[in-house]
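The form predicted on its own is given below as one chain in structure tokens.
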């Protein structure tokens, strides 16, 4: 029983993965025809890339911070590895029409090392802004969220202009480095290796225990002699490095760098995977196993949406679904982790009434718009209204039950 209580998040995520698999298989017959290819190519490989930079986001969250720069760091890293590769190839073959047609392995290694080095510099900059300048982590990494992507675009244009073409997209022609030609398990192996390293650090080192302590109460940790500045430096550098590795893998998957699209929304997905995996946004709580399963669950859900919504608009629903999962995960963490336990009311007073009405209208609108786009169901707006009424009614019932439960417990306590 103690095991179930400790690993409840992981157990729920595993059950959720199987449920989503089952629902997708029921409503999409083609899903089971090429099941192995679907799982390896469309789920495990993208989930591994997502999980890599989600591990970095999780460390920062456990340490009591937040990193909004993951997506832009991915774009910057993809651009850096492609630009560095192109520059070296141009220097080696100045007269070649297509110098990136054959890229030496050592050039790719140097480009990767330079990219990781820049990521460490970015992580160090975040740590300096937070510890020395004392900016809130949200503000420090928000600046990077906006600035790094713009820097990538300007950098791509400036460097490519030196070689005769002012282009945002930088291409590499050597197909040997195309990720789809590599074994499907390669990104997964990188992900699991990083997860194992992080698990060992957090669970079996003094630094790991100090990270949890700092996330739980930074002031108490600092007064007890823990050097919190160094821990923050490690957390933000680890987050930047994992994002850079994910960026290089994304660039390898298409052999190009496009900072206008690559890594867009990555920070949301990274935080979502960490939070769904059990990390508390208040810090000090989280496990690597939960983050691994959170990334896998998130990818399974996104793939299921693509399989089930056949109108060609599945990408439009990803943001809504991820946002909903984040809210649910944070709400459940708050309920199960709060001192009030399950007695906490989410719809108290007049504000609660407004909230449950708003949620009902939101669900009804999403259903109505979705059915309208699919052109497969008549009276979509009527169905949307029914969904809104049912949702609001169910939430109202929950509000009444929670109020009655709180009233009963208060009455029982008053007799003591």
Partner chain sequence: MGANNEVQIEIRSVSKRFGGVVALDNVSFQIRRGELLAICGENGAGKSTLMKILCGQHLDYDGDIVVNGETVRFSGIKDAERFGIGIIHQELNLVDELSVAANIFLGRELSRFGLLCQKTMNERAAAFLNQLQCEISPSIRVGALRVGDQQLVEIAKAIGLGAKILIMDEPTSALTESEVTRLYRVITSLRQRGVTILYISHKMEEIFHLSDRIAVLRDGRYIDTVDTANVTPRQIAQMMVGREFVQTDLRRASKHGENGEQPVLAVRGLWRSWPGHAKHWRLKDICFDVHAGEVVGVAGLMGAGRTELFECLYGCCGDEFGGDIRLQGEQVQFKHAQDAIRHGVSMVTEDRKRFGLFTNLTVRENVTLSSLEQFTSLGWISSRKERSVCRSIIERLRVKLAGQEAEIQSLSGGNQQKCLIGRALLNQPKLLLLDDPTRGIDVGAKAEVYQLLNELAQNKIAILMSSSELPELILNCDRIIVLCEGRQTGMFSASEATEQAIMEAATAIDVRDTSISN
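All figures in this text were calculated on a predicted structure; none of them were measured in a lab. Positions refer to the first chain, counted from 1.
If you look for the form predicted together with its partner chain, you will not find it shown, but the lines that follow are about it.
State the residue from 271, 325, 83, 221 whose non-hydrogen atoms include one within 4.5 Å of its partner chain in the model of the complex.
Only one option qualifies, and that one is 221.
With its partner chain left out of view, which of 183, 164, 225, 94 would have a heavy atom within 4.5 Å of it in the model of the complex?
Exactly one listed residue reaches within 4.5 Å, namely 225.
Options 133 to 141, 97 to 105, 288 to 296, 213 to 221; stretch whose heavy atom lies within 4.5 Å of its partner chain in the model of the complex:
Of the options, only 213 to 221 has residues within 4.5 Å of the partner.
Can you tell me if residue 109 lies within 4.5 angstroms of its partner chain in the model of the complex, counting non-hydrogen atoms only?
So residue 109 does not count as contacting its partner chain.
Can any non-hydrogen atom of residue 200 be found within 4.5 angstroms of its partner chain in the model of the complex?
Yes, residue 200 sits close enough to its partner chain in the model of the complex that at least one of its heavy atoms falls within 4.5 Å.
Considering non-hydrogen atoms and a 4.5 Å limit, does its partner chain approach residue 205 in the model of the complex?
Contact check for residue 205: yes, within 4.5 Å of its partner chain in the model of the complex.
Decide whether residue 157 counts as a contact residue for its partner chain in the model of the complex under a heavy atom distance cut-off of 4.5 Å.
No - in the model of the complex, heavy atoms of residue 157 and its partner chain never come within 4.5 Å of each other.
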